[in-house]
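Okay, so we've got the same protein chain twice, two forms, each given alone as C-alpha cells, structure 1 and structure 2.
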Structure 1
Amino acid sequence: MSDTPHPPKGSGPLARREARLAWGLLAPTVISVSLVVILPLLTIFWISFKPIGLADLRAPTLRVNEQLRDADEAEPYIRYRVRNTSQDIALTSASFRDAIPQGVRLGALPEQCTFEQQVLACDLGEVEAGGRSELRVPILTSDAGAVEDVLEDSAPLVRVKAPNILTNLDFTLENFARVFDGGEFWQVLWVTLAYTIFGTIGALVMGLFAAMLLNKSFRGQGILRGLYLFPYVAPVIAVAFTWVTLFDPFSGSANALLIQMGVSEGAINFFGDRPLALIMVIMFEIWRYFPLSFLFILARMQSIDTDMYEAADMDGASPFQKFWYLSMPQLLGILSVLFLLRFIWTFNKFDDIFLLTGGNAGTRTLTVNVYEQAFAISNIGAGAAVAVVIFGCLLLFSLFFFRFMSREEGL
C-alpha cells in the first residue's frame, strides 16, 4: 500500500466560505435581474394563456354613489346608487358602510341595512354582472345641510369579493389559435424578418464603409464623426417626422425634386404604397442605426497593428486584398456581436415603424401586432401571445447564432 497522500475530495471550509461570499455579493444583482427581467417575462407567459381583455385589468368592484335628496312634501332621504362595474363577473359578499353625522336619526331602513353607533351598514349579498340597484334611507332631522356636508367629505366604505381573472387557474389556447389563424400571421412574420435582416445587414455594411472612410487622420475628422452620429443621437420623433415631411406626396421636397428632374411624372406616396413603404422603413432603419456599427467598427480598426498593412504594401497587395485578407478576419468578431445585437433590437423595434407608417401599407411587424392586439382590439391575452412568439423567435435565433455562426467566427 502506498503512503502517498491523496488530495482531499470535495471542497474545503475555505472554498465553501468563498462560495457563500460570492453568492452573497451576487445576490443583489440576481434579485434585481429577476425583478426587472424574469418576473415580467413570466407574467407575459401567464397572461398569454388567459382570456384577458383590456377592461379585465381593472378588478371588478362595487360602485356606490350617495346623494342627499329632498322629496316633495316629504322628509329628505339619502339615495345610494349601487352598480357592479363588471359586465361579465358577478360580485359576492358585497356590502358597504357609511358614517352618519352625530345627532342625525334615520327612518325606516331597507331590509338589508342596519344602523348602529351612527354607522349605516348594508349587506347586499350577490350582485349580478352589470347589476344596478338603489337604496333610500329617510332622514329624521331638519338639519339636512349638516348631512350634506358630511356626505361630500366622506365616501362609503365598500367591501366585496370577486374572482380575479389574472390570478385564477383558468387557461386557454384561444390566444395562440387567434394569432396563428389564417395567413395573416405568416405575412406579418415575413415582413418582420425582411425588415430585421435587411435593416441589420444594411446598418452593418453602411457602418463598415463609414468606418473605412474615417480610419485615417485628416483635418475636420472630429466634425465629420460628429455628423455621422447625428442620426443615432437625434430624437426618434424628430427624425421620423422629418422623413415623413420630406417624402410627403403633396408637399414633400423629395417629390418636388423628382418631378422637376423628370424622374417621376407624378407624386410618389413613399410611405403609403406597397412595397415601397417597407423599403423606405428599412432605409430609415439603416440610416438611423448605422452610427452604432460605425463606432464599434472604427474602434476595432484603429486597434489593428499597422505592421501587417506595411508588409502587404511591400508585397504589392491591392487595397481590396488588404481589406479582405487582413481587415476582415480582424473585424469578424465585432461584426458578429453587432449582428446579434442589431438583429435582436431591430426585431423588437416598434416606435420607428409606428411613427412612419403606423404599420400600414405592408409594414406591419410582430411588435406592431402586439400593440394592435392589446390596445386597438383590447385583447391583452392575444397581445401577450404575440409577445411570447417574438420571444420564441429570438430565442431560436440566439441558439442558432451561438451554435453555428459564433463558432465559425471564433467567438
Structure 2
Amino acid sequence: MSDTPHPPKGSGPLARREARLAWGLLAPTVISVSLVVILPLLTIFWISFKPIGLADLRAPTLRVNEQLRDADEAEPYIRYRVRNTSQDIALTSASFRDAIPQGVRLGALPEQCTFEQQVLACDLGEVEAGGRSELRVPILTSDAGAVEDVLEDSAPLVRVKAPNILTNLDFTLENFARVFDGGEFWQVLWVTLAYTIFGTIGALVMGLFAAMLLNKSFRGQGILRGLYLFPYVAPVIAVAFTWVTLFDPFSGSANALLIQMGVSEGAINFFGDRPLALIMVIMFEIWRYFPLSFLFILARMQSIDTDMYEAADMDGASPFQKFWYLSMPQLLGILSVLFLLRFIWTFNKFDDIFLLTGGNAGTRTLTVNVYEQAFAISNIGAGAAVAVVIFGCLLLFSLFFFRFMSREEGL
C-alpha cells in the first residue's frame, strides 16, 4: 500500500512559473510605489527626529568674491574674499581654483596658494561656521587695468566638503516637543476632528438625500445627475476661489444678498471669523463631496429589488416605513463603507482648507499644520513630526477599517 500516489505537496513548477509571472507584472508598480510612498514615509520618520530648517536644504558652500584692487597704482593685487554661507556648519577641505589670464604673472603668493599653468589654487582647509577671510595675491603687470574684466569674469571654482544635514546622526526630540507644546496641538486636533466628523456625516446625509431625489426615472433625471456631480468634478482651485469670491466681506455677492434681504446688518467675514470660518470650511467640504456619496448610494439604491417594495405595499406600509425598514438596512453596508473611507479622506484633506483660509481663523487642521510648520515657519523637522502624528492616527483608523471592510466587501 505504500505506493499509493500522494497528492503533490508544496508548489509545482507551473505554480512557481505563475507566481514568477505575477511578480514580474507587479514589479514596475511595486518599485515605483515604494520609491514614492514607502521611501518618503521612512524619510519622514527620520527627519522628524532631526533639527532641520528649510534653509538647511541648500547645502552650505564657500562664496568667493574676486576683485582686482589698486589697478592704477604701483602694486595692484587680486583680492579674494571668502565666506562660509552657513552660520551653523563648518566646512572641511575647502579650496578654490581660479584661472588667471595669459600673460599675467603673480607676485608673492599667500602660503595656502600655489600657481601652476596660469591656475591659482588655494587650499583653505577648514572654514568655521560663518567664517570669512581675505586673500591678497599681488600681480606683476604693467597695465593691470587692461586685464581687469577678463580676470573678474572667470569665476573661481569652489570645492568643499560639508556634512550633509540629512544623513548625519544628529537627533533631537525637540520637534515633537514643539508639536505637542501648549494648547495649540489640542486646538489643532479638535479642529481636525470637528472638520472630519461633521464633514463626513454632512456629505453622507446630503448624498443620501440627493440620491433619494433622483432614485426615480423622470425626464431630466440624467441632466440633474450630471449637474449634481459638478462640485466634485471641477478643479478644487476653481471652486475654492469661487467660494472665496462669493463670500468676500467687501465685494462678495453673498454678503450683498444677505444685507439686502435684511438678514444681516453689516458685512460678515465668512472665512475670517471664528468659529464661522470652521463652519464654512465644513460646508465647503460637504458641498464638494456630497456628489460622491450621492453617486455610490444611488448606484446601490438602483440595485435593490423592487419586489420587496411591492410586497410592502400590499401589506400597507407607509412611505416612511418603507424607507426606514426596507431601504435603510439595504443601504447600511455602502453607508458604513463610505463613512469609513470618507472619514479617512477628509482627515487627510489639505487643499480645500489651505485654499479657503490658509489655516487661519481657527481652521488649522493637522494636514495644514504640516505645511504651516515646514514652510511658513520654515522648520522641516517640526513639519515632519506633525506628519508622523497624522500617520499614527491613520494607522489607528485603518486597523479599525480593515476589521470592518473585510466583512463588508469581502476583500
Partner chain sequence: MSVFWRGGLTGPIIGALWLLVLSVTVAVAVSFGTGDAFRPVVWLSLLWGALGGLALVAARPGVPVAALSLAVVLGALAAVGFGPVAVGESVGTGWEIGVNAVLGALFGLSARVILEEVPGLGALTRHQFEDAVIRFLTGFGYIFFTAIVVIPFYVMVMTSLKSQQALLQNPLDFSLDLSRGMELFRSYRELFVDYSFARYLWTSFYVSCLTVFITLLFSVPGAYAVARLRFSGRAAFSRSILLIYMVPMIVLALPIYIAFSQLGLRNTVFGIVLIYPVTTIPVALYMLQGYFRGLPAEVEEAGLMDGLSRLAVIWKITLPLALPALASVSLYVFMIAWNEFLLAFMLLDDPSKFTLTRAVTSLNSSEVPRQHLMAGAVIATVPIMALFLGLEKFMTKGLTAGSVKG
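Given the structure is predicted, the values throughout are model-derived calculations rather than measurements. Every residue number counts along structure 1's sequence, beginning with 1. Take the two forms, find the largest set of C-alpha atoms that superpose within 1.5 Å, and that set is the rigid core.
Where the criterion is the form predicted alone, structure 1 meets it and its counterpart does not. For the rigid-body turn between structures 1 and 2, the listed residue at the hinge is Phe176, chosen from Ala194, Ser34, Phe176, Phe350. Hinge motion between structures 1 and 2 is captured by two rigid parts, the smaller swinging by 10° against the larger on C-alpha superposition. Relative to the superposed rigid core, Gly130 shifts its CA by 3.6 Å between structures 1 and 2. In the core-superposed comparison between structures 1 and 2, the CA atom of Val104 travels 9.8 Å. Comparison between structures 1 and 2 places the CA of Tyr80 6.7 angstrom away from its other position, after core fitting.
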